[in-house]
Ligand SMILES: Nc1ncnc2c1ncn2[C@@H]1O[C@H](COP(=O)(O)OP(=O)(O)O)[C@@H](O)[C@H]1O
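Coming up is one lone chain in structure tokens, specifically the form predicted alone.
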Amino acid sequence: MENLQAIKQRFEIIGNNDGLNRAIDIATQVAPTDLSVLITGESGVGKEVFPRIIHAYSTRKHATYIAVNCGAIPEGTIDSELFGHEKGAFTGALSDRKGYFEVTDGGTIFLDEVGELPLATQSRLLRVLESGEFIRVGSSKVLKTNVRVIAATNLNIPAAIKNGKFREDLYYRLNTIPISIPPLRERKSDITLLFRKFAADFAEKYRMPPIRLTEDAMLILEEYRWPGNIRQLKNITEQISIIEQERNVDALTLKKYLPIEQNSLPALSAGSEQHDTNFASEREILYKILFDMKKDMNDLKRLVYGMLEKGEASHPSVSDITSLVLKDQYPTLPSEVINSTTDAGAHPLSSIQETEAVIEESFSLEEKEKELIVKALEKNHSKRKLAAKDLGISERTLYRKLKEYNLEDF
């Protein structure tokens, strides 16, 4: 077995974090066995590298290795992709087709985003893990396969089990050997190393001098939370490499490329048992809407209290408040538009309090979610894969939402 440094060089792993080294050590130790492995970690931490390490050091290394992104396959075709189908099993099944488990017989299959699998498919997968048996879609013949299964997820699986979205027995079957990959924010000493590696790679790719960070920029880089982890760091490094003419990047320049952090969202906190930690979850959309609503209400309250404290009005009218909100949120909006919008007459502050419940009831999460989906599809010219990426959800989840909101013809 190669030493740790040799493994890192072979698989282009950068960093010396203890959690990362521990994950590599477990992967190499379990590789010679046929035990199932479940790799957990946030989106973008590099989970896809570890199945390749396990396969490369296993007795199956000369057999087939297939990586399957379960979240990218529509729910209606996932069983056919994994287990195959018989001719005529469904519309478009013009011939027999072998699934991944049949093609990979004797090798290793990596199921990425395994938490996105439908419950019916989870049952089929459990049978493969327990007995090595499966049945093609549209067939009654039991087939056998000898496949090493490695799975990965960025979901909080115990929470998914509690919510009835993941089978508990399948979880324990997959989780025979757990491997946890630490997020980038817990690998502060590795962030600068990764940045330099990416900067050198892009300099070679685009034939330009590599970008370098000043000391204050390095501090910003290390203190940022990196919700997208290594993938986000690589993307930002590429953006800076292409756009910036000055190759020495200071803190002010770097900040322009770092999105504003959303630390207040509980759905994004690590280790929560009540919310999935999946940044690609549809639930994130709903939480974003809720907190945007809360922020708007808080802004409105501050404006009202500010007027009262300054003595500008003992009983500010709805039109006064609306005008202030519009001017605050849209400073470039013409005054005649603001005046026409607020020309509804003055009403005392008490009337605002009386209608507060009505205003809250008028908000519909479903309508907001539907509106976001439509905007994402329009922005990406109906390309669903790109729309799903912008929304932060899997393509399969987007398909389900389109069906739910009767947007399938969009």
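Note that the coordinates shown come from a computational prediction; the quantities given were computed from them, not determined experimentally. Each residue number is its position in the shown sequence, starting from 1.
FYI, the form predicted in complex with the named molecule isn't displayed, but the following is about it.
- Figure note: of the listed segments 27 to 35, 40 to 48, 62 to 70, 374 to 382, the one touching the named molecule in the predicted complex, with heavy atoms no more than 4.5 Å away, is 40 to 48.
- At the 4.5 Å threshold, heavy atoms of R124 stay clear of the named molecule in the predicted complex, well away from it.
- For the chain shown alone, R231 is a contact residue for the named molecule in the predicted complex, at least one non-hydrogen atom being within 4.5 angstroms.
- For I14, a non-hydrogen atom is located within 4.5 Å of the named molecule in the predicted complex, even though that partner is not displayed.
- The shortest heavy atom separation between L213 and the named molecule in the predicted complex exceeds 4.5 Å.
- Residue F198 is the only one of F134, F198, Y224, F166 with a heavy atom lying within 4.5 Å of the named molecule in the predicted complex.
- For the residues L170, I240, L194, A160, the 4.5 Å heavy atom test against the named molecule in the predicted complex is passed only by L194.
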